[in-house]
Structure formats: C-alpha cells, structure tokens
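To begin, one chain is listed below as structure tokens, in the form predicted alone.
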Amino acid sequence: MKNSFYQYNFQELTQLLKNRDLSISGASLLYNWHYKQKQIDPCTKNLSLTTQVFIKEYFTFSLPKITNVHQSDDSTVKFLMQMEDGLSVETVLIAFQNKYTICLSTQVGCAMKCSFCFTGTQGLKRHLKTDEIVGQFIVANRWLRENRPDDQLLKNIVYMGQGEPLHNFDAVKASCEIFLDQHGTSIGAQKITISTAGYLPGLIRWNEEMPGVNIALSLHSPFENKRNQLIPINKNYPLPEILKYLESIPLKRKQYIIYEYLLIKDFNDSIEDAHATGELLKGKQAIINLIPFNPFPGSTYARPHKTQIEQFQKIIESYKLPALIRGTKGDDILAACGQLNTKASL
C-alpha cells in the first residue's frame, strides 16, 4: 500500500530517503515542487532514476476531491471536500483586503457538541489524517490559482473549521510542521492559529510539542453555568484549569492569546457579562474577538443588535483589552463561524 506524500514533514522525508540510500537533496526538490510550485504530478526534475522509481512505488499524491463549491457575494468560498473513504468535510476561503485566510477542518464532524455550532449536530465520524488536513490547503490554493488568478494570495491558516483541533492533536501538529517548513509553503508561525473549545488533554501537550503558532480559546462566557450550556466539555475541563494552561504558554513579542467570544442575544451579551469578561482577562496578553452569533437551521439562538454588540466592545476595552468585532463572512452560504455542517452541503 502506498503512503501519502503529504503526511511527511521535511525531516521525516529526509530520513526516509536516507534509509533507502537515496540522496537527501531529493527532500528539498520534492518540497519545492509540491508545496512552493503547487505541482501534483510526481517530480522528475533533477532526481536520479533510482529516486524517481522509489517515489513512484512508495508515494501517492492523491488529494481531497472538491464535490461542491459555494461562492458568497462577499468573495467567501466554501468547498465540500471528499476524502478517499467517501466521507466529506467543509473548507472555507475567507477574503480580506486582497488576501485570503483558509479555515481548515480537522475532523469529520465533532465530538464536542457545542450548542452554538452546526457541526456539533453531526457527531464525530473520525479524525482527519495529516495528509487530509494538508490536502485541503493544497486543493483550495490550486482552486484560487485556476479561478481567481489575479486574487490568489493565501496568507493565513486558521484551524477553525469542522472538529476540535486539539482532539486530533498529532495530525494537527504534523500539518503545522509541514506548513511552517521553509522548504515548502513557509507560512510564518504568526499566520497560523489553532482554535480550541478548551480540550485540556491537548492543551497539556501544547508547550512541549506544538510549534509556536497562535492559539485561540472559545471562551463565550466567564460564567461556568453559561459556559457549561454552550460548551459541554467545560463540565469536565472547567475554565479555571483551561486558563491556567493557557497562561503557561510562552508568548513571543507581539503574540497574544486570542479569546473568541460568541455574542448571543439575551444570553451572554449583557453589561454584567461584559464586565465579568473584562475582570477575567484584564492584565493578560490577550485579544478578544467578539463574534455576533451566526444562525443555522434548527438553532434557538439569535444575534444581538448592533448597539448591544458595540456596548459590549466598549466595556471590554475599558479594561485596557483590545476587543475586535469580527465581521460576518459567508453567512449567505452557511460558511460563517459555527455554520459548517457536511450534511448541509450534500
């Protein structure tokens, strides 16, 4: 059985060639060919015949297959991508100031069952493999080049699609290593953000294992009873424990912990909620992203009025904390935060 090329980080690929008594320079050539030049066919340029034979026999370069594309009026693109076993995930390209951010999925469905998230209604089918996560990036990048050739700068990666990234820690870590490598896509660590609902087993591993990318916590409430309702795993991994591990993450200059706060009308958008959030986070090296709730089929939650959102922002900022209201992108195609659901695209 062949192995996916896209599952190997640069060091692993180098060691693989070395173990076969092949020139390790092939690793640089292959990474350049497939990641920098975005080629799919096997590389033959400057590789020995022996190496070419090995590549043909050992690797597969298959990628997720786009089975559906939805394009929003605001230039957001949502893909339904099918894996080799027939299961699918959604991947989103978000346009902002002539650049794109890709929102990657890490699982088919999700086990967290967050009440504000459409993905949570699916349940968890399985984790995605490293090559399936990397493959979403490759496929979306190629689509941009072919369909929007004058507008194809893919500069940021967020692990905020379907699934809890830290529940699939090993594959997410490996994909980050591939994206960061200077021989390949060479995306800066500050351009990659991994989101978590507060999955403590993954957070415990973060400092020792995860490369220095950004982390974002789905906070959504400073109150345990409300957070329990929104994020059921909070009952097992309560917020004080989560914050303790977040505070232990060494931050570089101009690096912050990102706290995502989903604003839901008449639930967590009050003056009391805002002050409690400010008190919780004041003095921390933090950025707060305020996300107006994005409705999805069957949800009982609603989006607050603009004035309520702005009032919440002002209160947070009074605690000397930067609070940004995230603009809604792609909600007309169910591509906004919390709206992804494979079944809805089938």
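None of the values given here were measured: they were computed from a predicted structure. Sequential numbering from 1, following the sequence displayed.
Another form, the form predicted in complex with S-adenosyl-L-homocysteine (SAH), is not on view; read the next lines as being about it.
Contact annotation for the candidate site: P165, E260 and N294 all lie close to S-adenosyl-L-homocysteine (SAH) in the predicted complex (heavy atom within 4.5 Å). This chain is drawn without S-adenosyl-L-homocysteine (SAH); in the predicted complex, the residue among C117, I102, V172, V77 with a heavy atom within 4.5 Å of it is C117. Proximity to S-adenosyl-L-homocysteine (SAH) in the predicted complex, defined as a heavy atom within 4.5 Å, holds among P222, G161, G184, G135 only for G161.
Contact annotation for S88: none of its heavy atoms lies within 4.5 Å of S-adenosyl-L-homocysteine (SAH) in the predicted complex. Contact check for A197: a non-hydrogen atom falls within 4.5 Å of S-adenosyl-L-homocysteine (SAH) in the predicted complex. Shown alone here, T130 lies farther than 4.5 Å from S-adenosyl-L-homocysteine (SAH) in the predicted complex, counting heavy atoms only. Residue contact check for S218: one or more of its heavy atoms lie within 4.5 Å of S-adenosyl-L-homocysteine (SAH) in the predicted complex.
The stretch from 270 to 278, 202 to 210, 94 to 102, 189 to 197 that comes within 4.5 Å of S-adenosyl-L-homocysteine (SAH) in the predicted complex, counting heavy atoms only, is 189 to 197.
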